[in-house]
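Before any questions on how it binds or moves, here is one chain, the form predicted on its own, in structure tokens.
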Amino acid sequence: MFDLNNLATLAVSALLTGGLYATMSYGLALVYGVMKIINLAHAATMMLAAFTVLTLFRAFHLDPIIGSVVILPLFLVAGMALYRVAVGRVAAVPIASLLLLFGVWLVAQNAAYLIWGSEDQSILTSYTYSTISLFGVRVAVTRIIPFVLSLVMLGALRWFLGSTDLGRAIRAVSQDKTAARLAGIHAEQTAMIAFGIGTMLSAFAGGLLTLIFSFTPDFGGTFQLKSFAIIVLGGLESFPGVLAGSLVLSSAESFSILIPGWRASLVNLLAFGLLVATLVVFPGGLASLAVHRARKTAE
């Protein structure tokens, strides 16, 4: 029997996980919004970021939190370089870009096997097993830190897209590339920077995930599928929708324990079920429902 304290624990867990899911998915949504391509290298980025943070931790005893921040410029440049060398050449052909990025994922995965091996890796810090009381609920410090940093990153992204010339250019290209070119915006260069930022956000999430999970070169695939479910649920190009989709998925996962006979091994089924249900019932996601309701209210 679950009492109010148990329900509060599940609610706090859903909130903290939702923040991390949002950061994990914003990069995917940004790339799709600007280039209309699904970045299948998203999983590879998170995996490589996790191993890069591990390498920094072992070589320089760099805390994984600091490591997750230090690697951001590296993955920003790497994402821009990947777009310049390969993605930009096939971006106009969706199936070609899909296959290319899938190939990048496979190459990165096999390279990681050669460099780091196939064993499970993890990062243990002085606060790995620490907990604090939050609203009367004991919460792991490794859950709170990624949530706070995710909010900071999402706030910075919101400010960047809304208050800087480059951010406005990215939004303009995502809305209408032709009109953006007519307005004097270098669409290809803007798309390259957007792809780099999307890669950087994925890397940030991958670095933070090392605080919570162990990882191998296969790491990232499940989280990529969850990101797909989140951006579809949120409306693909809607950043507020991504946040809402993240909270919906994390809440469904957290409260699934209340289902009689439910097993923890089935938790990933929720993401896939939400993905299929959203595509069938309301393909436009939560954002389309909000727009529809606004129109009905106006009428």
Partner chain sequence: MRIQTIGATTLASLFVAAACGGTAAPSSAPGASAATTAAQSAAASQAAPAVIKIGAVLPLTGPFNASGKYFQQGYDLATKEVNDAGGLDVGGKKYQIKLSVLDDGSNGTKSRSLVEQLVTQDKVTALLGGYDTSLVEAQQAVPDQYKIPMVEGGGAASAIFTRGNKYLFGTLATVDVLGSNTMDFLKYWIDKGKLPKPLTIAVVWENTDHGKDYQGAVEKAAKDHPDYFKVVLDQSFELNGSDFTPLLTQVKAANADAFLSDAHLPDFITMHKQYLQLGLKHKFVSYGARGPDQKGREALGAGADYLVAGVWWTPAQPDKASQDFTAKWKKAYNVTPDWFQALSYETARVMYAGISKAGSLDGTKIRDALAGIDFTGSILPGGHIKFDPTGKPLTKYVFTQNLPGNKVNLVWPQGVEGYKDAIMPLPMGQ
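In this text, all values refer to a predicted model and were calculated from it rather than measured experimentally. Positions refer to the first chain, counted from 1. In this text, rigid core is short for the largest set of C-alphas that superpose within 1.5 Å between two forms.
Just so it is clear, the following notes concern the form predicted in complex with the partner chain, a form of the same protein that is not shown.
Report whether all of Tyr32, Phe102 and Gln175 sit within 4.5 Å of the partner chain in the predicted complex, measuring from non-hydrogen atoms.
No, the whole trio is out of contact, none within 4.5 Å by any heavy atom.
So which of Ala169, Met153, Val87, Ile123 gets a non-hydrogen atom within 4.5 Å of the partner chain in the predicted complex?
If I apply the 4.5 Å criterion carefully, the residue I get is Ile123.
Determine whether any heavy atom of Arg263 comes within 4.5 Å of a heavy atom of the partner chain in the predicted complex, and answer yes or no.
Yes, Arg263 is a contact residue.
Might His186 be said to contact the partner chain in the predicted complex, defining contact as any heavy atom within 4.5 Å?
Because no heavy atom of His186 falls inside 4.5 Å of the partner chain in the predicted complex, the answer is no.
Any chance Phe223 has a heavy atom within 4.5 Å of the partner chain in the predicted complex?
The answer is yes: Phe223 has a heavy atom within 4.5 Å of the partner chain.
Evaluate Leu76 for contact with the partner chain in the predicted complex, applying a 4.5 angstroms cut-off between non-hydrogen atoms, and reply yes or no.
No, Leu76 is distant from the partner.
In the predicted complex, which of the stretches 197-205, 134-142, 93-101, 68-76 has residues with heavy atoms within 4.5 Å of the partner chain?
Among the candidates, contact is made by 134-142.
Verify the C-alpha shift of Ala59 between this form and the one not shown: is it 2 Å or more after superposing the core?
No, the C-alpha position differs by under 2 Å between this form and the one not shown.
Using a rigid core alignment, state whether the CA of Lys36 is displaced by 2 Å or more between this form and the one not shown.
Not so; Lys36 is displaced by less than 2 Å.
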